[in-house]
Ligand SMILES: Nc1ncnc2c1ncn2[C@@H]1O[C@H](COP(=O)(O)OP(=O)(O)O)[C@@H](O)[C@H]1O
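To begin, one chain is listed below as structure tokens, in the form predicted on its own.
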């Protein structure tokens, strides 16, 4: 973990306390219950003297009637207060965790694509689940226990000083000695706990990758290799957990030894007082009871400090994420975008990912309203990067992307993205029903409109053939559907959104010939009347485009219609010839005849 300035850590701890303060009403009642628990603990030690001296020594029958009643009342109050304290503090803890999880998910959802390219999905999941649970344990147990034990210590210190101030001074001499192990072990636990949490995040990321990619693992016979990699990561988690628990385990014996030293001194000095007649057995045993009860919360504070340090380490990781700023920012005073159709202009645009060479270089392009633009080129030429700039998945490094003359950075992000529909090469669906997946982004769309979109996407007949129709579940990432069915569902979703700007990122490249034919028909319906950007791996999908641009090394090297580009015999012609040479039917069709 990077060493953070103390001021920054204090600010984070204040923010964490801010979550606690939001439940101040329940906290106040819980603290009152803690005071009652502490008072009844002190009262238990206090009544030892009258029990011994008045009942057993003086044989006072009136006290024999009063003391059992007093004990019953004390323990009745103690039980009720313990329930109230435990329930309320766990309620507060769960409320804080709910808020933290909500805030974490909100923050993650608002971050840019660049962030998700840097971070591992499993690590982010670990922050929301594993780290937040550690914080819950800290709030529900450590904070509760620390407050209760501090109140108990105050009450018992009052009792021992009231009974015998000289003995009390001997008893509390041990307390300063307890500070060092509490501090030292807590510091180690926080360091090892941070590393353990980081290792758990790596383990979660590994699980997410290998379980999600299990088909590839099996296809390449990599089960044994992945088992070995998992064992290595699991061993690393184990190592840091053992180091953490070693420090935790050492703290209790050290406190026991210090407590034993204190008790030995008290027995020696207090016993002398009883033998010499300066003190009564009742006073001594009342004092001893208070001291024994006093050392228990002190020992607990050591353990609670361990939980506290683990929780603070987790809080640091959580706040690292909460304090992450998005690369894509909202304008302070957004400009409204005009009504569609839209003209889109790339004005001297350059773009580079973090710590890498430019992907796009001084690119100029104007796309007319309703124009169908084909984008082709070799892999790595910047095709997907170019279209990702339109909905501000990334921001340009230099230049500007404009819609109808307005720099898109001046428009509200929600307004901008409401004008754009995207269909990607890999269809993204959610573990929900067919109807909800088509209506994703348009949750209030009438059922008839959802069905109309399904018809236009050529998936209506398939839906009607299912027993539950639109209410059919599709499994995780739509694993119960074929590739063509998934892609047509994504097209139906884009149709229902009815956005004026359309981005098709190699939407048919992963499909077989039969599925591609159906999807292509659906895409024709989708592109009609929209300003469309069509990234094509298969050049046949852009033959009918109004214009085709060829990207190479981040620049437009050619543009024109299919026939004119073939006639020019430039980069597009070379791409076309390579595809024709690779046709499985071996027709060897002459480009000039196309």
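Numbering follows the first chain given and starts at 1. No experiment lies behind these values; they were computed from the predicted model shown.
Keep in mind that the form predicted in complex with this ligand is missing from the display, and what follows is about it.
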Contact residue in the predicted complex, chosen from 341, 469, 281, 380 - any heavy atom within 4.5 Å of this ligand: 380
The unique member of 288, 359, 203, 312 whose heavy atoms fall within 4.5 Å of this ligand in the predicted complex: 359
Candidate stretches 519-527, 427-435, 382-390, 363-371 - the one whose heavy atoms come within 4.5 Å of this ligand in the predicted complex: 382-390
4.5 Å heavy atom contact, residue 117 to this ligand in the predicted complex: yes
Residue 353 within 4.5 Å of this ligand in the predicted complex, heavy atoms: yes
